[in-house]
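Next up is one chain by itself, shown in C-alpha cells, the form predicted on its own.
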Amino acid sequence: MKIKKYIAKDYQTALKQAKEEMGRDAIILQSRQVKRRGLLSFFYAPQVEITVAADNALQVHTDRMRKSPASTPAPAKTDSLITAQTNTAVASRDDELLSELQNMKGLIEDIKSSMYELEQIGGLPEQLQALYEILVNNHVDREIALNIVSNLSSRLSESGLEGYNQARELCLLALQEYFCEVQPIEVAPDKKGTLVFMVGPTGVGKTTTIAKLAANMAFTEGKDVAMVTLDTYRISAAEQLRTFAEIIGIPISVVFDNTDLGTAIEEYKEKDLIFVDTAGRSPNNQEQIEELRGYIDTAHPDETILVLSVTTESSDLLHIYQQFEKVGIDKVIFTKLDETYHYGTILNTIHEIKKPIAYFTTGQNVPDDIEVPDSNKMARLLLRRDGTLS
C-alpha cells in the first residue's frame, strides 16, 4: 500500500496530480485546507491537501483489466468512485461550514438578546431590577420576567411609590393574575357518571394523584367514586391503585382494551365520579399517544387532565403538553412541588398553554398533600429568595 499527500492551490488541481502519479484507482483518504508557510503566508489563500492511497497489486490487476475489451466499463466505474470521493469531501466541507455558520448565528442572537435585556433592565429602578433577578433565579423565563417588571415601572410612576416593599407588593399582584384561572374537579349534584381521565408521561405521579383525589372526593365531598386503570404496562401500578381503592372503600376495574373500558364505564354509570388512570406515555412515542387517543375517543370523558412534574424543564413541559394536546387536554395538575424551590416552570408553562390549573401536589401522603392552587401563595413562592420568602 502506497500513501502520499498532495498540496495544490485547489482541490481539483491536487486531485489531478494524484491521478497522474498514483493512478485512477487511488483512494482519497482525507482532504483538508492548510495554511501556506513563510512570512508572507498571511497574504495568500490557504491551499488544499489531499491524502491518497494506492495498492500496487491492485493497480497491476486493474491495468490488466483495462487492456481486456470485456473490462472497458472499468475506468468509468473507477471514475465514479473518485467522483463519489470528491462529492463526499465537498459535502463534508459544506456541512462543516454550515454548522459553523449556524453556531455563529446562534451566538449572535444570544448576544443581541443579552444586550437588549441589559439595556431594558438597566433603565429600570433598582427595586425592579432586584425583583427581576429574584424571578429569574426562580426559573421564570427571562422574557416573562422582563415583561412583568417593565409593566410595574409605569405603575410605580403613577402611584408615586418608590420603595422595594411597595414594588414587591405590586409584583405579587401582577403574578397573581397569571394564576387567576383555577378549576378543580366539580361534580354537578344532578349528574351521574362524571368521567375524568388522567394522562401524562411516566414518573409524574398520576396513580398517587388519582388516589388522593378519589379519597378526598369520597371522604370530604361525600361523592360515590369508582376507579378504572388502563395502566397494565406496570403490574405494580395496578396493584398500587387496587390497594388504595380497598383502603378508601371504592370499587376498581383493571381494563385491557376499549371493550373492557366500555364495560367498566357502563358498570359504574350510576357513580358520581369515575377516575381513569392511564399508563404513562412518552411524548415522543406517537404510537402510544395514538393508542391513548383511541381510548379517549371511545370513552368521551367529561374532563381530561394532564399531570406534569414541576421538576421538569420548562421547554420539556411545553413539548409534553404539545404532544398530549393531540388527545384533548382540559386542565393540568402540577406535581412534586415539595421536590423543588424553583416554581418558575409553572408560570412559564401556563403562560404558553393557557389552560387552567386543577391542583398542586406537595408530597406522597394519601389523601393529604394535594391542594387547590392559591394565587397569592403561588405568587409568594415565585418571589422566594434563597429558598425563603423575600
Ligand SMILES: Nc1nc2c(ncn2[C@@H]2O[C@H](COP(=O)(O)OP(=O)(O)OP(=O)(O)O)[C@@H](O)[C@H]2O)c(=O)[nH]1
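In case it trips you up, residue 1 is the first one in the sequence shown, and so on. Note that the structure is a prediction, hence the values are computed from the model and not measured.
Below, we turn to the form predicted together with this ligand, even though it does not appear here.
Comment: this ligand is not present in this chain, but in the predicted bound form one of Q47, Q323, T362, S31 has a heavy atom within 4.5 Å of it, namely T362. Here is the short version: of G205, P301, P125, G193, the single residue with a heavy atom within 4.5 Å of this ligand in the predicted bound form is G205.
Looking at 267 to 275, 253 to 261, 216 to 224, 194 to 202, the stretch with residues near this ligand in the predicted bound form, meaning non-hydrogen atoms within 4.5 angstroms, turns out to be 194 to 202. When contacts are judged by a 4.5 Å heavy atom cut-off, T335 counts as touching this ligand in the predicted bound form. In the predicted bound form, this ligand sits within 4.5 Å of a heavy atom of Q240.
P184 falls outside the set of residues with a heavy atom inside 4.5 Å of this ligand in the predicted bound form. Though the partner is left out of this view, P283 does not reach within 4.5 Å of this ligand in the predicted bound form, counting heavy atoms only.
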